[in-house]
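The chain below stands alone and is given in structure tokens; this is the form predicted on its own.
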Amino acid sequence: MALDQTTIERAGDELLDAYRGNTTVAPLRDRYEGIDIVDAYRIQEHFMNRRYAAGERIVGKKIGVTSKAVQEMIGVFEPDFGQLTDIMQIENGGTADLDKLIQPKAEAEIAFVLKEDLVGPGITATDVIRATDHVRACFEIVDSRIDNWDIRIQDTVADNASCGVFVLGEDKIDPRDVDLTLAGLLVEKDGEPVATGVGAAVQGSPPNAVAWLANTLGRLGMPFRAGEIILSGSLAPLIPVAHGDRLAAYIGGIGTCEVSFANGGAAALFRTQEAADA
């Protein structure tokens, strides 16, 4: 039985309060009897509509839980999607403020930037390549407003697919010039290797994941628009991060992406130093 609108709004408001207060809530699946994935997307919609009303602007979408490594780590076994907004983006090489995150983990992935609209259903991986202006190396820093990452599909979907912040590398590569299926990944933390992966880990190939989302959104009347950023899903297991960490991702044929992590005042000092060095 679907949750009623009052319950949907109460759950969305609860997630908004957790987002604004950097706190977590108990898993929704344990407290809202009968909640299903449709209810969860309705909660996400309410949660995000309140953020748009406060001034955030949509810049794209993210696809989550696309690789077996991530699925096994968090116990969710089907893809989901969330909304990316302008305030989520950090410049390449910049510093993520851990005081504005709760329990962050990093994902290295391939971002698609569209030059044409994609309107599903019926979209194929070939259509995705044709509509893409360029791809870039990317870090998505996922975060959860659910206690201790104790999530199932209903929890993460309602929580905007556990979106935190994201970073795009500077290299812009025509997807026709690289084999995205075989693109190899190396992630280093403070200069030491911590993860490897390959494009095939994402639904067989990252364009497949983007096509899945285009078709899913098309059935919901939500097309991709030219200029949108699409994060296609992690190529490797999630990487916990802490104050002082610096991550670098190297994706074969695509480029690099870097991000540091610091708490509050230290993050501001890092940003000031980065600006002075630029």
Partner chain sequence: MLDAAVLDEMADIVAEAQAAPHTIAKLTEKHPGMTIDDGYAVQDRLLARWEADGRSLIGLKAGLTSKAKMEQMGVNEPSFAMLMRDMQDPEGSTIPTDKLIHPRVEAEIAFVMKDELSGENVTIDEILDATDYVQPALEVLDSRFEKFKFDLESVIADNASSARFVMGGRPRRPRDLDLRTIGLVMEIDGEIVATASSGAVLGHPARSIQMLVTWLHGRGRTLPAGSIVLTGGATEAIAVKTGNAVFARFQDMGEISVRIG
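Numbering follows the first chain given and starts at 1. As the structure is a computational prediction, the values presented were derived from the model and not from experiment.
There is another form of this protein, the form predicted together with its partner chain, and it is not shown here; the text below is about that form.
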| message | I need the one stretch from 140-148, 75-83, 153-161, 179-187 whose residues put non-hydrogen atoms within 4.5 angstroms of its partner chain in the predicted complex. | response | 179-187
| remark: its partner chain in the predicted complex has a heavy atom of only one listed residue within 4.5 Å, and of Ala200, Leu98, Val165, Ile123 that residue is Ala200
| query | So which of Tyr32, Tyr250, Tyr41, Trp212 reaches within 4.5 angstroms of its partner chain in the predicted complex, heavy atom to heavy atom? | reply | Tyr250
| query | Taking the shortest heavy atom distance, is Gln89 within 4.5 Å of its partner chain in the predicted complex? | reply | no
